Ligand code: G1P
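Only one chain comes next, encoded as structure tokens, the form predicted on its own.
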């Protein structure tokens, strides 16, 4: 049973500067609510009972956001404001499921995941990338159901335009049905000619615990970082079963200024 999730949060968010010079990108409001809370809600609604945040010392504001009890108690005692009371209840609910680990050197997503090695209890865990919001349908819940069905690792995917494949990790696939397929390989940012499909990797994964052994031995790749995609590829090519899933929800990219602004506009339409 998948009950644990990992969320890497140590990135500097340079694409959202100057906002992220003082505020972690995950705490930036999207329609009046920090982007990170949408991710947390997705986890909780899919049955996750423990969420591991990977942060750096420069992003301690994320921990402070959930551990600011004295501030809330003081202001609630003074103002008796029902909205603030409800917000504080929500923060306390989140706090019960969150653990923190630190990645103080930016050595890639694979290195960040490796920091959680001693905390993962079961054979599989969920990983979510905070820049990718999926609304209107719970992607993690669907993936956990698929994991139970196929007894395999799962990667969320969407079809992208042919001329945009070089922006994504692209999957080589064998179709199962209209939404699911077996993954035979993953190619990071291929050229249009070398792309094996138009199925792009989106930031939702169910990964096996054995990936930690791969990460421990993995040599740095592009930009001197440990990339989780390289470890996933090693597992796939070693005949570990990976299923791709085209999710039913609406995808929003919050990692760029244009995407962040668009996310607020889109979410406001649905009053989320």
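Positions refer to the first chain, counted from 1. Not measured: the values here are computed from a predicted model.
Unshown form predicted in complex with the named molecule; subsequent notes refer to it.
- Of the heavy atoms in residue 135, none are within 4.5 Å of the named molecule in the predicted bound form.
- Proximity of residue 250 to the named molecule in the predicted bound form: non-hydrogen atoms within 4.5 Å are absent; the residue sits far from the partner.
- Mapping the unseen interface onto this chain, residue 144 falls outside it, with no heavy atom inside 4.5 Å of the named molecule in the predicted bound form.
- Put simply, residue 167 is close to the named molecule in the predicted bound form: some heavy atom of it is within 4.5 Å.
- Exactly one of the stretches 177-185, 76-84, 127-135, 91-99 approaches the named molecule in the predicted bound form with heavy atoms within 4.5 Å, and it is 127-135.
- Scanning 194, 189, 117, 149 against the named molecule in the predicted bound form with a 4.5 Å heavy atom cut-off leaves one residue, 189.
- The partner is absent here; in the predicted bound form, the one residue of 240, 218, 56, 229 having a heavy atom within 4.5 Å of the named molecule is 229.
- Taking a 4.5 Å heavy atom cutoff to the named molecule in the predicted bound form, the contacting residues in 183-207 are 188, 189, 201, 202, 203, 205.
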